[in-house]
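Presented below, as structure tokens, is a lone chain in the form predicted on its own.
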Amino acid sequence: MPLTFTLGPAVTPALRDGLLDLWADVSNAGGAVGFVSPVAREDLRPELVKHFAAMSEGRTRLLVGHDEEGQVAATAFLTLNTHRLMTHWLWLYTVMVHPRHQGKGYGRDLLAAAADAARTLDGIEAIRLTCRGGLGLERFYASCGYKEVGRVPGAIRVAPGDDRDDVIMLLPLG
């Protein structure tokens, strides 16, 4: 059954807790979403608060996907550029699908919903994201229409002696 996506939902305690649970579960399953396992919900809270602050300032929009049981199952944050020469594209951050839903096509659904959401924002012509190399994520994003436009070797230190490339991907919306 497909996910139901909402752009800009009201932030309730249930949504906040669902986002923290999702982020912890994705991180602890080895997902490349800014943290390395093991991580607790409280480790994630300050980062989520930063996203919420950007949302309250109108710089970021939350896209959330709920499963058939109403649980937060996928999410991404669409963040506008504040630099006056780069307002024609936005960043996609913290792209996550719950591990229990892996292999159902929900990642593709999430990226399609993010592109649809970006198209509703005035003047947005492209989506840019970065991903951690070494996990095959760049191949997945490429299969969804993103193009690798840059790579910084060894920019992400997962652990001592385990450096990964920071891969920059772009999806033109035109």
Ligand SMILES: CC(C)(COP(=O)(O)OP(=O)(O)OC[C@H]1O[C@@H](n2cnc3c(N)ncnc32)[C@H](O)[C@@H]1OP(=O)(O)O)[C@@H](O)C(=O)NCCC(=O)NCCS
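A residue's number is simply how far along the shown sequence it sits, counting from 1. Keep in mind that this is a model prediction, so the values were computed, not measured.
Below, we turn to the form predicted together with this ligand, even though it does not appear here.
Looking at this ligand in the model of the complex, residues F5, R61 and H66 place no heavy atom within 4.5 Å of it. Contact annotation: of the candidates A32, V39, I124, A113, the single residue with a non-hydrogen atom within 4.5 angstroms of this ligand in the model of the complex is A32.
Figure note: of the listed segments 39-47, 24-32, 53-61, 115-123, the one touching this ligand in the model of the complex, with heavy atoms no more than 4.5 Å away, is 24-32.
Looking at K104, you'd find a heavy atom of it within 4.5 angstroms of this ligand in the model of the complex.
At the 4.5 Å threshold, heavy atoms of K147 stay clear of this ligand in the model of the complex, well away from it. Using a 4.5 angstroms threshold between heavy atoms, L90 stays clear of this ligand in the model of the complex.
Residue contact check for G70: none of its heavy atoms lie within 4.5 Å of this ligand in the model of the complex. In the model of the complex, T130, C131, L135, G136, L137, R139 are the residues of 122-139 with at least one heavy atom within 4.5 Å of this ligand, listed from first to last.
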